[in-house]
Ligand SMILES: CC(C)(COP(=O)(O)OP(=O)(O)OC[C@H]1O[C@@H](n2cnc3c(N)ncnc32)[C@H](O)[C@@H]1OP(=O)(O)O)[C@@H](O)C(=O)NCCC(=O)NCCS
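Before any questions on binding or motion, here is one chain by itself as structure tokens, the form predicted on its own.
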Amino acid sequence: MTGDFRTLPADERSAAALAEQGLRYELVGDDPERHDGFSQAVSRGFYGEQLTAERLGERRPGFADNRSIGVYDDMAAEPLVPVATVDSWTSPLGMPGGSSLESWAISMVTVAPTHRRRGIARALLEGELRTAAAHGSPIAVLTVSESTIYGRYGFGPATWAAELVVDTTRADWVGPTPAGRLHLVSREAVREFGPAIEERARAHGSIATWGGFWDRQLGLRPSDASSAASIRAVRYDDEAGAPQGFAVYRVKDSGPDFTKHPVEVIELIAASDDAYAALWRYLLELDLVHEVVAVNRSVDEPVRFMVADARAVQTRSVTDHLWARILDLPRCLEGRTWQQAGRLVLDVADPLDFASGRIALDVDADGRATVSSSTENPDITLGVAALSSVLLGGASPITLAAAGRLAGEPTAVERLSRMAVTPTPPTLGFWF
């Protein structure tokens, strides 16, 4: 099946399973009242505020771009507010080597506390996977608030994100001094030039951003006016005057000591090494600042080696971030560039049977893969979740073997690791 994903019908199997409990599983559709009920349910599910009319109005345009499913209980006190939600859309997913695959991005998975443990989450997720597969999307992706749920549906963690805390009093700059120029710019200006820079800078492991994302990050929604007033932005242009990167940040309250302001980095996006260095140096050398905090950064950030005291750059946390779920083995394995030539027979188990089978993976000297079915003895046996973790190049097959997530002779596991693991880790810089 191809065509507009937004017009795909609600999954019949999930609808039937929930109908047995007196629940309606259906597309939210075009009714603004149903949009508002969905938005309130999502906010409730993530312990957000009761949305005002202004905030509800800001969210309505996004329904035109996504496919939203609600689970409705006609016996609930507020029957227009669904008791469970899921939202999805298609987006290019950056693959190792610079290509991309269409992914089925899943978000806003919530179940009301009054309706837990009734199989609703299973109906939501399996319904999404069946719909994605029917549409022809080879892979599904999501970011998770609760990491214990998604492995049972074949998802595996595929990127990791670090929170960096830099003590600027110890972070004397020893990195490059780019020849370009920095410009202070407005948030509105970033909204115009930022998406194009982000697209050029996008790493493998990331999906595309969207209009509402930028309005949120830059605080451009009317309801954000007061809280966003402190957001600042800076742009780096190269020697030829071409914009190559930008940072969006907030200088927060210092407390009683005015020399100790913390800086929150909202975005730091660089399409060149010079832009990366110039923007980090700018942030670390701000006056009256003692700490710079940046979240959702790569687990291998060059800034650690750009300051005199490496211990000035501390990693507060590293967490799993993007989770991936292979739906089409050949398209996914052939959709990336591999790091070296080699051949392996993989026996892949998939409890939902989207991507199970024994396949031969043949990679040529240019890193191009060919996948075919095989009856040979497998070199590697693994589940689809483990293979989904390996796919983007961020998870080591050697580590997964030690964890019992895949099995094979050590030489085969090492070969898969040399073929799969990328020189730079896959990175996603935001939640969705």
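We number the residues from 1 along the sequence you see. Keep in mind that this is a model prediction, so the values were computed, not measured.
The next section is about a form of this same protein that is not shown, the form predicted in complex with the named molecule.
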Considering non-hydrogen atoms and a 4.5 Å limit, does the named molecule approach residue 118 in the predicted bound form? yes
Wondering, does residue 110 line up within 4.5 Å of the named molecule in the predicted bound form on heavy atoms? yes
4.5 Å heavy atom contact, residue 182 to the named molecule in the predicted bound form: no
Should residue 286 be classed as touching the named molecule in the predicted bound form when contacts are defined as heavy atoms within 4.5 Å? no
Considering the named molecule in the predicted bound form, which of 227, 259, 317, 145 comes within 4.5 Å of it through any heavy atom? 145
Using a 4.5 Å cut on heavy atoms, which of 160, 354, 72, 153 is close to the named molecule in the predicted bound form? 153
Only one of 23 to 31, 41 to 49, 385 to 393, 61 to 69 has heavy atoms within 4.5 Å of the named molecule in the predicted bound form; I'd like to know which. 41 to 49
